[in-house]
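Quick setup: one chain, the form predicted on its own, written in structure tokens, and binding and motion questions come after.
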Amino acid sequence: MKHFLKETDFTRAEAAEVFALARRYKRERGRHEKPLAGQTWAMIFAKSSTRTRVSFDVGIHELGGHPLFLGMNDIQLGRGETIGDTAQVLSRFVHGIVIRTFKQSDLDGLAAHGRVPVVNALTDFLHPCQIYTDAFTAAERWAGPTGDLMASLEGRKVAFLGDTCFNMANSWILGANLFGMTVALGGPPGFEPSPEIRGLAAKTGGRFHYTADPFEAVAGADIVYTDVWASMGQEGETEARARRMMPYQVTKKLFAAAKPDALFMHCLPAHAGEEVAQEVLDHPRCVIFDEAENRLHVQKAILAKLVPARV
């Protein structure tokens, strides 16, 4: 049984298949096959969401399945039931589990104790569905409607600015190598990549460059990327983080220091005037809403890849 807990759970060849399938699902929306027909997939959300919840809910439905949303107040996991027991019980009812939660270890527990595929819809450590979507969105631009999506990413550089020790930076560290890209991380000292992601990257071949100089990070970049400075659960640190990270705000000047045709990306929600200037969000090379739309198509492809072929 296959799970999607981190970027490298798919090989490069499998990731290329996900991209190709996502492009076809996008082109044939409403007319493609329904590999989840007759299936029910649980959606466990310990964190609130707009894009992730809606895209998975709609995606499971469009693949022929039934999405079963479970908030933490809906199940006993929120009242102390173990991950292992939850996994075993849900495996008797549903055909797969999508979970958005805080700890990466919760996903590992579900996968270890359950008997159905588990998909990471975001943890504090990784956000693999988003990173696959981001790479697909860029490849869609660079390869066009018929070109080789994975090949279009080869040798490209992504620059990530801001909190470089949280989930999106971690996911780019793992994902960039898988997609044949390089990644430069620009953030303040004390927010550099953690020993945990460094160790995981060493095992999977992920390489990155960290610098405290934002202009060094974006030099020669094909993608300039940022995310909120205070994620869910870090609200009490908002002001302190803003003071440390203001030099890494993606301004028009910083964006212009990348390649002339560079794309600006953000996984949303964006806070104009904080991690990114409004004029960058309004820039014609800002593709944030393409990213949001493509979450649907890429996640449908990921789900389809996890479902055993029917004979």
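All residue numbers refer to positions in the sequence shown, first residue = 1. Remember, it's a predicted structure, so these values are computed and weren't measured experimentally.
Omitted from view is the form predicted together with phosphoric acid mono(formamide)ester (CP), to which the following refers.
- This chain is drawn without phosphoric acid mono(formamide)ester (CP); in the predicted complex, the residue among Leu263, Ala258, Cys267, Ile44 with a heavy atom within 4.5 Å of it is Cys267.
- With the partner left out here, phosphoric acid mono(formamide)ester (CP) still marks one of 106-114, 194-202, 126-134, 73-81 in the predicted complex; by a 4.5 Å heavy atom cut-off that stretch is 126-134.
- Remark: Lys300 does not count among the residues lining phosphoric acid mono(formamide)ester (CP) in the predicted complex, judged by a heavy atom distance of 4.5 Å or less.
- A residue is said to contact a partner when one of its heavy atoms sits within 4.5 Å of a partner heavy atom; Arg156 fails this definition for phosphoric acid mono(formamide)ester (CP) in the predicted complex, lying far away.
- In the predicted complex, phosphoric acid mono(formamide)ester (CP) sits beyond 4.5 Å of every heavy atom of Gln278.
- In the predicted complex, phosphoric acid mono(formamide)ester (CP) lies within 4.5 Å of some heavy atom of Thr52.
- Residues from 97-111 that approach phosphoric acid mono(formamide)ester (CP) in the predicted complex with a non-hydrogen atom within 4.5 Å are limited to Arg100.
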